[in-house]
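The chain that follows stands alone, in the form predicted alone, written as structure tokens.
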Amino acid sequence: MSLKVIQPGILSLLQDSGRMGQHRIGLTNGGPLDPEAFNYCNRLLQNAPGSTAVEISFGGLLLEATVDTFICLTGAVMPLRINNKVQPQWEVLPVSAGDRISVDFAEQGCRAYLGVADGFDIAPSFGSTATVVREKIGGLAGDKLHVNDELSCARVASRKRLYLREDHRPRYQNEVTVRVIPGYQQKHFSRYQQRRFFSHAYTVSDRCDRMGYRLEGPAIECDIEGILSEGICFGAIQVPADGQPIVLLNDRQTIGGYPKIGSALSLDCAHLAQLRPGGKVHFAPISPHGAHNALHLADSFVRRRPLMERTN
């Protein structure tokens, strides 16, 4: 019993909430680039938090069901069809054995999450099903989805038809502001260089992926020519020799030797990861206290946001 891959799309990966506690052996986190959309997908399906779903980058996925179950698609605007009939996103939908599920190419944003009732049944690697292609772990043989892959899932006879109101759904833009928490190496960037960084827009390069978003814009200089490799946190903003910032994301390396001007707020990394090449990025400083408040407020806002139920 499964969803069978007919067309895998540009990049479709099985992800749970991420691989934690394995940096000591050189394994990165993986997990969803947009945790908000991923968590809503599982919440709508009434799954356990962190249940395995498919992260679809840019679209083009086609599946065939061999089991009766329920699905939900959240995240970027990617037209969803069941048996060629358009269906809503952010809503739990029934599928039957023999149905074909297609996710068209993205119209806004670039990451969407397709979940199934009770989650996909995937064997974990190092405590997680999160796929990290560079490390060849997680998912199915540590790789993206391919034609004829079988995504095992249970037969589910009933589920509440929950949905998220349209006015409560995230809006994906082509321009975002990323709040930056200062780091201990920020003092090695002069005040002029810091003003330059925070007062100019940057463009998302076509060299962006799950490891990090490389940006193009005014070059930033640092008085450190090189440092010993050290551990790297999620959202760290590295500045290599060419002065073009790189915001490190889920599949980042665990250590690195470039200076870092600060770390992007995790909430904003999700917005950044929904940008396509050519998108615009502005940086704004935020204190650690302000960052904690932003995280708590966002969590409170999501918890208070009600899910609705279809009765017909």
Partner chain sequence: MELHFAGENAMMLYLGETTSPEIAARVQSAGLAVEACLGDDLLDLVPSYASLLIIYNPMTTDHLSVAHRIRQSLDQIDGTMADDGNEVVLPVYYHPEAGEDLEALADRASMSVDEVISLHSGGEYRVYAIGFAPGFAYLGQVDEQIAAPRLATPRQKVPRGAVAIADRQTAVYPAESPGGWNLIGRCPVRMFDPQATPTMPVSVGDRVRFEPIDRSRFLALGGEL
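Positions refer to the first chain, counted from 1. The structure presented is a predicted model; accordingly, all values stated were derived computationally and were not measured.
What follows is about the form predicted together with the partner chain, which we do not show.
Q: Determine which one of 56-64, 22-30, 241-249, 37-45 lies within 4.5 Å of the partner chain in the model of the complex, judging by heavy atom distances; exactly one does.
A: Going through the listed ranges, the match is 22-30.
Q: What is the one choice in 176, 156, 82, 233 with a heavy atom within 4.5 Å of the partner chain in the model of the complex?
A: Filtering the options by heavy-atom distance leaves 233.
Q: Which one, 274, 51, 263, 69, lies within 4.5 Å of the partner chain in the model of the complex by heavy atoms?
A: Of the candidates 274, 51, 263, 69, 263 is the one lying within 4.5 Å of the partner chain in the model of the complex.
Q: Is there a heavy atom of residue 184 no more than 4.5 Å from a heavy atom of the partner chain in the model of the complex?
A: Residue 184: yes, in contact with the partner chain in the model of the complex.
Q: Is there a heavy atom of residue 135 no more than 4.5 Å from a heavy atom of the partner chain in the model of the complex?
A: Contact with the partner chain, yes.
Q: Hey, in the model of the complex, is residue 105 touching the partner chain, heavy atoms inside 4.5 Å?
A: Outside the cut-off, so no.
Q: Indicate whether residue 295 is a 4.5 Å heavy atom neighbour of the partner chain in the model of the complex.
A: Yes, residue 295 is a contact residue.
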